[in-house]
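This document starts with one chain, in the form predicted on its own, laid out as structure tokens.
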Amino acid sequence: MFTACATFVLIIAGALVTSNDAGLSVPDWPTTFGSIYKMPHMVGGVEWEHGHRMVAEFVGLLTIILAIWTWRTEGRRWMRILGVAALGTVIAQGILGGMTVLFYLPPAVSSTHAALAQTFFCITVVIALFTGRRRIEEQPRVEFDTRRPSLVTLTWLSIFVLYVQLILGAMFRHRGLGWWPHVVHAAVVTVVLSWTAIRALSQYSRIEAVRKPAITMLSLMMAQLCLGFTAFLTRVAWGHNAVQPELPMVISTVAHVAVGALLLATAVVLAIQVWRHVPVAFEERIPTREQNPVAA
């Protein structure tokens, strides 16, 4: 849980770098102004960029500890693999972060860096979920989900449309794409997430593990729509002629990125809980006596 929280702080730190146009304030990597150990003067954009690097190094250390701890103490093989996957993801994330500096903020690399950051955040949240005490609690038995599409399908669809929205937003923030694909796709995200949350709450509200993330996802979605509208006003409608990023622009865009990360992680948690607690109906193809006269 601590690693997941630290990763969330890291996402905010990265959003602050982008929103303050501080991506190349430290022009070299992996050194900082030619030094590995010397602390630079934390002024201007250097404060945001080097601060982001310091948080990233701390999260990397936490991930190494988490991977080793999981590998040594966790009995579930897939959990050990997940710990190693977290370590591999954070290493790849560090390399991508360095590439954004070395190649002068290419939109494709910067957008991949942003998307992978939220992927890593989701991995840490999943590890926290499956190592928590509540994972062993008994849940009430429920009827099979006979509706189509199934709730499991809807939860995975929610993750997919959110991830597409994340990529479109990252491409816009890093000047690799216009704003309109991100805005148009927001309508798709709203429909799919609303459909998923309402289905979960209408059918399985008595299951706490499903009800809580469904309510959280719906609440975060509404907050995200408001923040997206505010970010559009401050960045596109009002701030396109700004000489430098202004405070309303920075606050709205960073909050939009942060809530987006929470929304994606909540969708992942909901998908896992639905998969664990809501059985999907299937047809049992057992021949009757009329269909199988030999058995009769």
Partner chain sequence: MNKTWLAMLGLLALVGLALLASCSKKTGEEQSSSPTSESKPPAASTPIDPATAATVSGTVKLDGTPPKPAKIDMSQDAACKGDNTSENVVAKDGDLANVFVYVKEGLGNRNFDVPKDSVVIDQKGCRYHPHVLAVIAGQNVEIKNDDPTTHNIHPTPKDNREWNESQPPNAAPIQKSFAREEIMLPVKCNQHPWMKMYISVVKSPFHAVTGPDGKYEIKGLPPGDYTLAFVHEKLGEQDQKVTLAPKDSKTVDTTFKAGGM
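Model, not experiment: these values are computed from the prediction. Residue numbers count along the first chain shown, from 1.
From this point on, the text means the form predicted in complex with the partner chain, which you will not see here.
- Taking a 4.5 Å heavy atom cutoff to the partner chain in the predicted complex, the contact residue among 108, 95, 215, 226 is 95.
- Comment: the partner chain is not present in this chain, but in the predicted complex one of 30, 60, 51, 248 has a heavy atom within 4.5 Å of it, namely 30.
- Contact here is defined as any heavy atom lying within 4.5 Å of the partner chain in the predicted complex, and by that definition not a single one of 35, 79 and 132 is a contact residue.
- Only one of 265 to 273, 251 to 259, 229 to 237, 39 to 47 lies within 4.5 Å of the partner chain in the predicted complex by heavy atoms, and it is 39 to 47.
- Interface residue remark: residue 22 is counted as part of the site for the partner chain in the predicted complex, having a heavy atom within 4.5 Å.
- When the partner chain is considered in the predicted complex, residue 71 lines it closely, a heavy atom lying within 4.5 Å.
- Residue contact check for residue 84: one or more of its heavy atoms lie within 4.5 Å of the partner chain in the predicted complex.
- The closest non-hydrogen atom of residue 164 lies beyond 4.5 Å of the partner chain in the predicted complex.
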